[in-house]
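We begin with a single chain expressed as C-alpha cells, specifically the form predicted alone.
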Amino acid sequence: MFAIKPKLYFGDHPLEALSPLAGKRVLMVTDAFLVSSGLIEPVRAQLSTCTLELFDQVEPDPSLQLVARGIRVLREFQPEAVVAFGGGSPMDCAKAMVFFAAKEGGTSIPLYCIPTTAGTGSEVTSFAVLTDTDKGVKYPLVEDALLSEGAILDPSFLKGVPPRVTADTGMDVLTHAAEALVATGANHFTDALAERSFTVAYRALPEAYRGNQQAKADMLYASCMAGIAFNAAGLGVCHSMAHSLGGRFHVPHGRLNALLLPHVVNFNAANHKASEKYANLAKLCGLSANPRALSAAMVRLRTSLGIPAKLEVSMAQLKEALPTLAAAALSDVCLDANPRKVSKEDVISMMKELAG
C-alpha cells in the first residue's frame, strides 16, 4: 500500500490553504526568532480574522519538557486548529503536542505545517523526534496520527536561511532520499520519489548554499518528496546513528547525516540490491555507476558546503561514550528498515570514523 494523507499546497499563494480557518481559534507553534524576524507576518495576515495564540518557545531538538509545556498551552487555549511554522523542531513539537493531547482524552485537532527550511520533510511524515535532556537521548516517535492535515510549501520563507543551515538541512534531504531508496519498505512509488528528490537536491544544493532562490525552492520540493518516500519506505542505520550521536553531542542532525552517509553507503553496498540501487542513483547524478562513486560524491559535496569531515570530539571522548551510543542506535526505530543487518561492531566502527 502507498498513501499520502497531508494535502500539499504549493505554487501561487499557497497560504490561501489556511482560508478555511477564518474566524476560528488557532494556535501557532513556532520559535522566538521567526517571530522577532518578522518572517511570521504573512501567516499572521492570512489568519487575521482568527483568534490567534502563539507558542513561540520552541528550541532546537524539542525536549519532552517543551512538549509538555506546549500541551498545557494547548489545553488552556483550546484551539480549533494548530499551525506549525518553522523548521523540523517547531513541526515536530507541534505534532507531538497535538498527538499527546488527543491521546490523553482530548479531541484530534487539525494541524497545518509550514516549513521554513528545506530538510526534515516533517510536514509530510508520521515522525517526530523528541529529546530526553536528562538522558541525552533522542527518541523518534512514529505514529500515523502525527501526519498533518496539510503541508504548505512556500519557498519565500527560505530567503533568509543562512548558508550553514542550508548546507546541514540539504544534506538531510539527500540522506532521507538515499536511505528511503534502499530501505526494506521501498517500492516503485517510493523509489520514484527518492530518486527524483536525490537528483534534484544533488544539483540544487550548491546553488542554494550560494543563495540562489530558485535552487532553494527546488530544495524545498525535494525535501517534501524525500519525506513522503521515507515515511512509506523507512530509513536506516544512518539516521539511527545520527539520533544517537545528536542526543549526546548536540550536533545538528543534518550535519551528522552528512558525516555518516558516505560510510553508510559503503557499508550497505555489501547488500546486492542496495548496491544496484546506489549504482543507478550515481548514474542518474552523472557519476560513475557504482556505490563508491556515490559515496565519494557525498564527501566532495559535503566539503564544498563547508561541513567538516569530523566531529569536534576526541577519540577518547567518543570511545567512552561508544557503548551507550551503539546501544541507542541499535534500539532506534529507524534501524529496522536498513537493507543490511547491523551489529554493534558495525555501528562502533562507523562511529569511530567521525572522531576528530
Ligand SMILES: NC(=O)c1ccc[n+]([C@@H]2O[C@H](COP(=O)([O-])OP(=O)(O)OC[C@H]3O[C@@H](n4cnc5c(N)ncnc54)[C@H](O)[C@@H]3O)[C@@H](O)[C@H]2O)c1
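Computed from a prediction, not measured in an experiment: that's the story for all the values here. In case it trips you up, residue 1 is the first one in the sequence shown, and so on.
Quick note: we don't show the form predicted in complex with this ligand, though the next part is all about it.
The stretch among 34-42, 320-328, 49-57, 294-302 whose residues place heavy atoms within 4.5 Å of this ligand in the predicted complex is 34-42. When this ligand is considered in the predicted complex, only one residue from Gly247, Pro79, Gly87, Gly150 comes within 4.5 Å through any heavy atom, namely Gly87. Shown without its partner, this chain lists Thr175, Thr120, Ser240, Ser197 as candidates; in the predicted complex, only Thr120 has a non-hydrogen atom within 4.5 angstroms of this ligand. At the 4.5 Å threshold, heavy atoms of Gly286 stay clear of this ligand in the predicted complex, well away from it. In the predicted complex, at least one heavy atom of Phe157 sits within 4.5 Å of this ligand. Not displayed here, this ligand is kept clear of His263 by more than 4.5 Å at the level of heavy atoms in the predicted complex.
Heavy atoms of Lys138 reach within 4.5 Å of this ligand in the predicted complex, making it an interface residue.
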